[in-house]
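Only one chain is included here, represented as structure tokens and corresponding to the form predicted on its own.
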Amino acid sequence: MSEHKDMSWNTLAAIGMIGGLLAIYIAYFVNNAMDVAYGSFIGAIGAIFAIVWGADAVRQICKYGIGTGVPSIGMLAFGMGLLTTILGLKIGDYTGIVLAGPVLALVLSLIQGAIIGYIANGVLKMKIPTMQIGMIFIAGSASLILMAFSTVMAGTFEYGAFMTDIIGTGFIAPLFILGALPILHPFNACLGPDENQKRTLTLAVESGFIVTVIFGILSIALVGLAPAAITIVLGLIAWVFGYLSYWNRVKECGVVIKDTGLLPARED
């Protein structure tokens, strides 16, 4: 059994927010500068940062015994994240400061998560020590994942494109479900007495890359074959490395089982 030390979830939150926003903006600027969507795949990198952040937050909330509630937490995160993402991007569009949209969406998500967390612990009396801050984190990570994968599929995070290309086409349905899976599935798959952060978050990264491939395939309809092919190929390569890393983590956490044979039929 390997020794390990958890990375602070505040550190992961900082990495998730900064990394997620940076990748989204870089993808936006590259696409606008080149007037093509070849930089869309960079949005997926931002999604991975946010997925790791969100998966750790789900882990911190649900380790208090919310076994069957793990998928619900993921869906709740994306419900909160979707509403505030639309509002944040709309405010950016309405004020003419489009670049402010992702930051506003993230800030609104964090505020909404704080309110929902207070209701869960203060009103519903769920009495989970990590609930308040955990709700803030999962709402923020969900908003970043939505914007990042929207950038992958539509080539931009702008409000008009989000409403037309993501919601208007119905792509919001797979985005809502598949976007949530990488943050809710890892803890569900790894929970138990020997669950540890490295293995769970490695699975989150692996899940994020396979979801990236799926969104790359969907993006063919929006950004064209060549930009989509970049996302698909890079996503597949990264997924292979993610899968092998997760497999190594599983082996590290495994124990040797020796066959001692059957019990004797009678005592000698």
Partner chain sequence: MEELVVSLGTLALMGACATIAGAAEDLESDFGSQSNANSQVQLAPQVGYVHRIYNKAICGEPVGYGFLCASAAAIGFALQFAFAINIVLALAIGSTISAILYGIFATTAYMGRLTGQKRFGQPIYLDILLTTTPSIIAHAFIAAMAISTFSYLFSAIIGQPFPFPILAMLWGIMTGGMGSAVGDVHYGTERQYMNKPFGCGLAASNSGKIIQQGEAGIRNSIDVAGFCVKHGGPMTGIGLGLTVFLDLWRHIIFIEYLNGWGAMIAGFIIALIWLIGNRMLELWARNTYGPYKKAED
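Residue numbers count along the first chain shown, from 1. Keep in mind that what you see is a predicted model, and the values were worked out from it rather than measured.
The form predicted in complex with its partner chain exists for this protein as well; it is not shown, and the discussion that follows is about that form.
Student: Quick one: Ile97, Ile119 and Phe162 and its partner chain in the predicted bound form, is every residue within 4.5 Å by at least one heavy atom?
Tutor: Judged in the predicted bound form, none of Ile97, Ile119 and Phe162 sits within 4.5 Å of its partner chain.
Student: Consider the chain as shown here, without its partner, and state which of Met126, Val107, Ile177, Ala114 has a heavy atom within 4.5 Å of its partner chain in the predicted bound form.
Tutor: By the 4.5 Å criterion, the partner-contacting residue is Ile177.
Student: With heavy atoms only and a cut-off of 4.5 Å, decide whether Val211 touches its partner chain in the predicted bound form.
Tutor: Yes.
Student: When the contact criterion is heavy atoms within 4.5 Å, does Arg199 count as touching its partner chain in the predicted bound form?
Tutor: Contact with its partner chain, yes.
Student: State yes or no: in the predicted bound form, is some non-hydrogen atom of Ala221 no more than 4.5 angstroms from a non-hydrogen atom of its partner chain?
Tutor: Ala221: yes, in contact with its partner chain in the predicted bound form.
Student: Residue-level contact is defined here as any heavy atom of the residue lying within 4.5 Å of its partner chain in the predicted bound form; does Ala189 satisfy this criterion?
Tutor: Contact check for Ala189: yes, within 4.5 Å of its partner chain in the predicted bound form.
Student: Using a 4.5 Å heavy atom cut-off, which stretch among 77-85, 134-142, 191-199, 98-106 contacts its partner chain in the predicted bound form?
Tutor: Stretch with heavy atoms near the partner: 191-199.
Student: What are the residues of 165-181, in order along the chain, with a heavy atom within 4.5 Å of its partner chain in the predicted bound form?
Tutor: Contacts from 165-181: Ile167, Gly168, Thr169, Gly170, Phe171, Ile172, Ala173, Pro174, Ile177, Leu178, Leu181.
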